[in-house]
Structure formats: C-alpha cells, structure tokens
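Okay, here we've got a single chain as structure tokens, the form predicted alone, with questions on binding and movement later.
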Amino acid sequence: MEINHYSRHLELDCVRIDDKFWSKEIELVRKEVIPYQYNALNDNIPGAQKSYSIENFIKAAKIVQNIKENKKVETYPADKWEYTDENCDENAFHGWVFQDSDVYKWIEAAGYSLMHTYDSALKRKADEMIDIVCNAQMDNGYLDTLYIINDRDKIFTNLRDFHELYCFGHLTEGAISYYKATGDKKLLNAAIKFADLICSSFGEDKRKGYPGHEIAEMALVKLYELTHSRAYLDTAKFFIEERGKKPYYFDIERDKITVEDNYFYNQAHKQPRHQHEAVGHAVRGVYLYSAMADIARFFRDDALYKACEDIWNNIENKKMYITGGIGATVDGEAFSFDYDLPNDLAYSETCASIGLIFFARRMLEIAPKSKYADVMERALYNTVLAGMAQDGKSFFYVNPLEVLPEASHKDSRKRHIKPTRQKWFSCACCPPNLARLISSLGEYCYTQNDHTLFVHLFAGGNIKTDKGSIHIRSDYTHSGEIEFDIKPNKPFTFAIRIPHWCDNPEFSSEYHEKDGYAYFRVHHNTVIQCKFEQKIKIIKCSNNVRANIGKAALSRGPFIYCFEEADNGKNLQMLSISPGSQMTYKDGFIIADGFREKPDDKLYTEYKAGVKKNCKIKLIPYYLWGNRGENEMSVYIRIV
C-alpha cells in the first residue's frame, strides 16, 4: 500500500492542556505520582518492594572511578534476570537486568511535567538524579549498571536477555524529554555518547546483533529527529532489518544453532517486513511495531508499512480486550492465539497498552485513519488509567476483566491477578511508564502535515502551530461537546476524528468525511462546534471469543464500564441484564435494571430456568475499579 500524506505529532511546547478530565490526571502525576516514584526509586516506601535503582548507579560510579584510578575492581556473575540479597554478593548489582530503565522513565516523566508546570523542587531532584546517572558512565560512553558493576568483559555478549539496548532506549528518551523541558544537555550528552558507541559497535561490518527487548530503535529515531545525525536513523533501520535473519544472531552469541523458528517471544522469528501477526511478549511487540512504523515512514517503505498494518489489524480484530488491553497470557506476558481473551486470566499489562498507544500514534503519522485513534482512545481511557489508583500511590501491573479475590489468593493459575493495586514492584516498569505517558499526553492528541491539522484525542486547552492558534473547550467525557475556536495564520484543512462509538455526530459547519475524520476548510477566524452523543451501549464480543458467549459489556462514550461487589454484593456471576433493560447515567455511573439469580445449593440438578428477582445494578468506569479495597469485579455480564 502506497504511503503518502505523512504527518508529525505536535511537540509539547505547542500544546497546553486545560481540560476538566485530563488536567486533574496530569496534576495527580505531577503532585503525587512523580514524588511517590522518586521515593520508591530511593527505596523509601515502607512495605514496598525495593527498587535498588539509585543504589546501583552509586555502586557503578564507584567502579568507574576505581577503573580511572587503576584500582582493583571485583567481578561478579552476570547470568541472571533478577539479582537479590539471597542470590548475589551485597556489593554486586541488585534488581532486574533492566532496573536502570525505571530511573530513566522517571526522568522522562519529570521532563514532560516540567513542560507543563515549572517546579523548582522537581527540577532539583531531577538534576541530582541526572548527576548520579552520569557519574556512572564509562569513558567510552557505555552506561549500564549491571555490567559496569558485575563484569565489564560481558558487555554486549547477551543481547537476547540482558537489556543493555533497552536501557539505552529509555536513557535516550528520558534525556530528550529533559533537554526539551530545561535546555540542560548533561543527560542528553551522556545518551549521545552511548548512542555513538552503539552505532560504532553495530552494523554491516560490525556486530550484527539487535535488541532482545526492543525500544532502542524508537529512541534512535527520536535522537535522529533531534540531532539530524544520520547514523542514529541508519542504526535503527539496521536493527529492524537484521532482526530475524538466519542464522539467528541470538544463536550465534550463544554458540548454538536453532533449527526451528523459536524466537517468537522476542519477535525475532522472522524479519519484521515478513511478520503479519502480533506474537510473543506484548510489550516488546508493540515497541518493535512502533519502530517499524517509524522506519516505514522515514524510508517510504511500503512493504514494512504493510506488515505494520497487518499486525495492527490482527491486534485490533483478534487479540485486543474491549478495554484496550493486549497480551492475554501470563506465559511470557504474551499475545495468545487469535480470539483467546479470557477475562479472569487476562494479563493485559499496563505497559503493553501504553506501547499500543505508541504504535497507534505512529500509524496515524503515516495514514490518518480513525481506527488507530479509536484504539488509542480505548487503551488510554480504560486500561492505562486503570493502572493507577486515584491517589497516585498504588498501581496495577496486570489488568484483568474479572476478579474473584479468593481465586487470586488460592489458585496458582491466577496469582498474577491482584485484587488491589500494589505499592510498588521489583519489576517496576509500569508505574513510571504511566507517569511519562500521561505527562506527555499532548503529543498524542494532534498530528499535522503541510496542509492539514488532525485532531485525534479531545482534550481541552490551546495549541499553536505555523497554521495558527486553536482554543479547545471540551466536555468530551461528560456530554461529548467540544468547541474549536480557530484563528488561522493561513488557509488550511482541519480534520476532526469521529469516534467509533458515536452514531450521529453533529458539527456546526459543513464537512466531508474520509477514513473516519470530518474535514473542514479554514480560511478565516472560525468556530467549529461538535457534539458526539454519548449513549449507553451494550457491546457484544465476537462469538469466536469463547469466554464471552452469552455475555456483553456496557460502554458510554470512550469508557468501558464494570461492576463491583462494593456496589452489587457478592457473586457477581448471578447478575444479568436483558437487551431491553432500562439504563440511566448519573454522576459518571450507570444504573441498570437487571436480575439476580438465586444460587443453586445442589451441584447438579436437571436443567430448568434459574429463579431470578429484579434488582438495580450499578456500574462504574473500568478505570475506577479497585479503589475501595478487595472485592469482586467484572466487565462482562450475562444477557438474558
């Protein structure tokens, strides 16, 4: 499929969000989440699992200093994914192999937050953390605390498992964010130095390796966009094109030859341009697919874009939960087979939905089709927001669609399902990922090319581009009403996404529709009012999804709803509604006329219809569940 009409997202300095719904979320991240995570990274949260992150950088800095002074440096094993007090020396690296990335994501979120609101205390903490990071960098630019502390001779020897390039990716994204926010180049220079080492180490006549856990590819593209150094873009392209070639590099570095294509987990089973299904570890997958879209756009690569589109369609139509969650199975935190979407076993990692949003924006930059923004919205308003408590001090890693607390405690198959959010995690990728996404939300709302400005998400506020300035008044999450007050510098086309859930969109001006967007021609000061009627809808799932036969979910606008024991009592499986049930919306909740079935005391009896009585069923937005202690929860309800 030919690629044309490329666009780019608006940078955060062009966007100022002032929105009833999103401003409070962004402020929650600034005032609560970022400070809380700072304490977590410094191991100052009572009762939370230790991070070890800052401790590792301090250890690494001492090693670097000792190397400079020609002092003896100890060596420790670098052969595990997680290093604990029980399995390693107290002076060795501690935590997961990717522990450094938590610090970098925190810095990235801090940078985005500082773009919204200058906070001298936050900047001081970030500067101190950047100093700690930079002190750990080796003279040649290498910066990964696992190998600096444990064994410098093992650098770049296990790309499949040990996340050096992954950590580099987050270092680079954090450095770019902080530089754009403050103009401070200290961390950016450290990232560039490491990037230069990577570019000089990998390539056609060098190491032919590629990341085991993708993200370096996206980061190198971002660094190219900032510096215009072609080496970064070419290395990102090399990582994409080399991936999956035979003999597998992951076999070569392990001195082992694989006969079967067994690298689905890493999306390295075949070359990316020949991949057409989402497989393997879900976060790794969407990070790779995002980078594939980047490279397809920059190099006008139709075949790579076709692979991206096929993978996207596979996710959207066969492997995505109604909440925008992806990665159905705990085994490998991975995509499962088509239509395998169990509710009570769902993995649906927060990071995976965040990565799906990355992928969606990059697909929008290639082709402005509403299906990408519809999924971006679905993931954002549901799974992503559900990953964080209302006070910003506890988090979900896994986002199930059905929870029975007793099963979580007693059934080993469901131990990954937590009925309440956790204070922190030893593998703490999700909380800082949440913070950096919400703080950078403005980068996902709009894209533009030479002729057209596209609106993908409806957050109120102000934007300024070369095309003009726009003030947006939005009541999107409540009434579905938005007003755009446009003051153009020159004539341009203005395109507004029509949400997939809206049956009868209303606009105050004439427009033409294409690929789910309403297009308006703007010549002079213009006000465009739109209304997306928010009806309560009963949504059924494909009957290929065995878990949801005879069930449905409720939605209103961008939100998927669920029901909890706190409002409806125990045994939620006894509740049902009919297609004609009366439903009302008030104060963010849905009240539905439904039925509660009387429990059968006998395990088996001859079939007859259950005894039901009328009841009122209260449903809340899915993102709000789990804020009232342990209790049952379900998204899907029986239809009778």
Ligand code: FUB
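Given the structure is predicted, the values throughout are model-derived calculations rather than measurements. Just count from 1 along the sequence shown to find any residue number.
There is another form of this protein, the form predicted in complex with this ligand, and it is not shown here; the text below is about that form.
Is the binding site on this chain open or blocked for this ligand after its pose in the predicted bound form is superimposed by the nearby C-alphas, counting blocked as 3 or more ligand atoms within 2.4 Å of backbone or C-beta?
If you fit this ligand onto this chain using the C-alphas around its site, the pocket comes out open.
My question is simply whether Ala407 lines the interface with this ligand in the predicted bound form - judged by any non-hydrogen atom within 4.5 Å.
No - in the predicted bound form, heavy atoms of Ala407 and this ligand never come within 4.5 Å of each other.
Going by a heavy atom distance of 4.5 Å, is Lys237 a contact of this ligand in the predicted bound form?
Output for Lys237 is no: heavy atoms all beyond 4.5 Å of this ligand.
Is the gap between Asp100 and this ligand in the predicted bound form 4.5 Å or less for some heavy atom pair?
No - in the predicted bound form, heavy atoms of Asp100 and this ligand never come within 4.5 Å of each other.
Is Phe458 close enough to this ligand in the predicted bound form to count, meaning some heavy atom within 4.5 Å?
Phe458: no, not in contact with this ligand in the predicted bound form.
Of these, Arg284, Arg243, Arg378, Arg497, which has a heavy atom no more than 4.5 Å from this ligand in the predicted bound form?
None of the other options qualify; the answer is Arg284.
Considering this ligand in the predicted bound form, which of His163, Lys319, Lys418, Arg436 comes within 4.5 Å of it through any heavy atom?
If I apply the 4.5 Å criterion carefully, the residue I get is His163.
In the predicted bound form, which of 336 to 344, 521 to 529, 423 to 431, 83 to 91 comes within 4.5 Å of this ligand (heavy atoms)?
Result for this chain: 423 to 431.
For the stretch 205 to 236, I need every residue with any heavy atom inside 4.5 Å of this ligand in the predicted bound form, listed N to C.
Heavy-atom contacts within 4.5 Å come from His213 alone.
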